[in-house]
Structures are given as structure tokens and as C-alpha cells.
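The chain that follows stands alone, in the form predicted alone, written as C-alpha cells.
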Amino acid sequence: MLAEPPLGLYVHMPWCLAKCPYCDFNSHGLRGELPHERYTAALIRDLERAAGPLRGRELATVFFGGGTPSLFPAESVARVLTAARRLLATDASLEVTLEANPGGMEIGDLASFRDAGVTRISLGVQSFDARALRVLGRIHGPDEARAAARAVSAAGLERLNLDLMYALPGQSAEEAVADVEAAVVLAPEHISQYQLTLEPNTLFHARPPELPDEDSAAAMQEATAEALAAAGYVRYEVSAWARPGAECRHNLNYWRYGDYLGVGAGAHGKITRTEEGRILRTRNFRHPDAYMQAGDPLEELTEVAPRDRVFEFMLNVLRLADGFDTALFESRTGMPAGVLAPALARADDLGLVEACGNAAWRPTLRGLQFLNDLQILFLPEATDS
């Protein structure tokens, strides 16, 4: 039977100073002044609409993503958080993350975001190598990245996350490890490390740079993982490392198939209706102008069919180093654990998962390395067979 999972709130702020050539997110290069007043008002209307049926539910996390949310004044963040607290139950432990880019970050701005309620800053550093940053189209340099990270600590925010990428054009394993070592010196509580991939509808996809081959990328991943572990970080998700207790709770809720409201241009949401036995997905109008002009910005509302919940759950939870237990699967999907048995047996035979206690499973290191191969074993056509 479906149980009510934790609830998060994702707030999309879609503007950047410049669009990076590898980015496939719904982001737009800023032309002219940022329409922060209009957009903030639209966010609050959207939140009031989306939260209306959820009165009484407790909000556990908020994530301001983009785009570059730090382009917005702290007042905009404060107004959205005030509306969230008015509409939903919250407590002092509410985790509030704000994505930011290093260029132009100031201690004064960060202190204002802290006072607005932000508890975690996620800095999109990507690399500490000046050549790599130029190739990636980033507008900051290594010194700005270091200064921004130190400013976060000086401003008294609870958590700092640094985003890194590896397998960059022309990058060696030694250079990838050097990026990790440069990040560790800054003592962030959390480091995210993603492999650069060429996504459709990006400049890099249209004009591909020469990337390290598959074996070289795997060697970089292994070498950087060793460096992160040696520095005391624990890998809790395929691309996420943290000091114990500093994991990103908002992202953990995604990976455990929790619920989340999505407000903002192009934002997606997932809501469980336990009384109806339904799981719903939402999607807003993608373009910021269409979003701000719409009386109701919701463009699509769909129900997740029971047979599709298996893949959705496994697509997320198999990213976690600790895996899952079957009780969580049953409560989050409303499906009997027995439907997993054939695919789990195949994954076990292939060395991609392993039992880790009573009715619990986790991906092996091989499973994390070949995550796509593991996840497709749980597609509906595979689990139906």
C-alpha cells in the first residue's frame, strides 16, 4: 500500500549570465535586466496553486536550482520561503539549498541569503584548471572559485557543496585528481563529481569536443574516488560524496522516490495521493515568458502507471551506495516486492547488485560503474517477462 513519503520543494530560476556549451538544463542567457519582481510573484502564485491540495503536509527540504539562482536578490528567496512556510508545515531543521556560480559572489550577498533562510550553497566550480574552464565556457577562473568557496564559509552558512566534472576535453587522470585535491583544500562538506557527457540540444552535442575515451574516463573516476575517500569523504550516491551527516537531504529524497513540488519555468514535480492510490507527475511551461504570463503555469499532469513505478523507483534508488530495502519499495510504489525478483536475480547473476541484509539490496562497485546497464534490467518490458 502506498505511504506518504517526505516532501521537498524545487524552485527553478532559469537565467544565467551565459549559457554553457555542455548544459541541457532549462536555462537562458540573461539579456537586459533580470525580471526578478515579476518572476518571484509568479513563483509565489505557482506555489500557492501547487501547495493548495497538500495542506498539512510537512516540507522537509527546499532547493533553488537553475540557471543561476544567486543572480536573484536574497529578498526573492526570502519571499518564496515565507510563502512556503505559510502554505506548508516546516520546522527549524528545514534544509534550504541555493545553487550559485563563483563569478561575482560576495560575502555580503551570501550573508543576505543566509539571513533569508539558505542553509547550503552549491557552487558550480566544475574545475580549478583555467584551460578546462575556458573550454567549458565558464565565466569564472580558479581564483574566483577559491574566493567564492571561502566566502561561503566566512558568511556562516551551514553547508558548502562544490560541483566538479571529470573526463573533460584534453583532461588527464592527473588533472582530474588535481581538481579533487584543490576542492578538498577548501574543506567543503560535500563534493559532487559528474562525468561530462554530450547531451542533445547543446552546443557540445552539435560541435563535439574530443573527450577522453571510455577507459580513460573510467581510470579518472577510479583515481578521483580514491582521492576523495582518502580525504574522508564517503560516496553515498554514484556522483555524490560527503562528510558523514552532510549528505544533501533534498537529493536523497529524489533518489528514495520521495515527493516534491516543482515551481518555476519548466519545473517538474511528483506527488503521491495515498487516499487515491495514485502517483502524479507535473510539468510547467518551459519558457520563462510563457510561465510568467500564464494564469496557470501547469502544462502537463500525468499519472504514473503501477507498472512504470518499478522502473522509476529503481532508476533513482540504484544510484545510492546503500541501496534500498523492499519495505521502502512497497511503501513508495504501492507494488509488491515480488515483482522485483526476476530482475534482481539477473542483476545478481551479473554481479551488479548484492544482498545487504534482510530483504535489502545495493549496487556493487561494478553496478555503480555500469549503472545504465543495471537500471535497464528494471524497465517494464523486462520486469513483465
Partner chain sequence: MKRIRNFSIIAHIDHGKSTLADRFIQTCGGLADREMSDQVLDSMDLERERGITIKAQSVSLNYQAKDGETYQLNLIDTPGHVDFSYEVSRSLAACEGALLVVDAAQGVEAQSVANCYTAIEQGLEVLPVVNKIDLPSADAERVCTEIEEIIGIDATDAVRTSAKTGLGVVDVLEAVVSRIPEPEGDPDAPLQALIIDSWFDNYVGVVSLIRIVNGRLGKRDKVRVMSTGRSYPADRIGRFTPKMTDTGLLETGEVGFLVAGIKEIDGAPVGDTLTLESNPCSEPLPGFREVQPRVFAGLFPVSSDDYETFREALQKLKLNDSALHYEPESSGALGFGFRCGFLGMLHMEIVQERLEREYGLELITTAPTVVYELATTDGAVSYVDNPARLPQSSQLDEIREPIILANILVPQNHVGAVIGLCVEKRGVQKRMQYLGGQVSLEYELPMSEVVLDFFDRLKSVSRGYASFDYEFCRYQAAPLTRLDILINGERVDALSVIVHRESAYRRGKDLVERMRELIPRQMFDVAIQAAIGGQIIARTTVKALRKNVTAKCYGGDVSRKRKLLEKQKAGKRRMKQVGSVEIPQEAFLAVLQVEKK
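Numbering follows the first chain given and starts at 1. Because the structure is a prediction, the values reported are computed rather than measured.
Another form, the form predicted in complex with its partner chain, is not on view; read the next lines as being about it.
The closest non-hydrogen atom of N316 lies within 4.5 Å of its partner chain in the predicted complex.
Not displayed here, its partner chain is approached by E222 to within 4.5 Å at the level of heavy atoms in the predicted complex. The closest heavy atom approach of S239 to its partner chain in the predicted complex falls within 4.5 Å. Although the partner is absent here, T119 is not a contact residue: none of its heavy atoms lies within 4.5 angstroms of its partner chain in the predicted complex. Checking 187 to 195, 225 to 233, 140 to 148, 73 to 81 against its partner chain in the predicted complex, the stretch whose residues place heavy atoms within 4.5 Å of it is 187 to 195. Highlighted residues R45, S93 and E158: none comes within 4.5 Å of its partner chain in the predicted complex, counting any heavy atom. Put simply, of H36, R346, R49, R57 only one has a heavy atom within 4.5 Å of its partner chain in the predicted complex, and it is R346. This chain is drawn without its partner chain; in the predicted complex, the residue among E199, D289, D296, E276 with a heavy atom within 4.5 Å of it is E199.
In the predicted complex, its partner chain lies within 4.5 angstroms of at least one heavy atom of each of the following residues of 364 to 381: R366, Q369, F370, L371, N372, D373, Q375, I376, L379, P380, E381, in sequence order.
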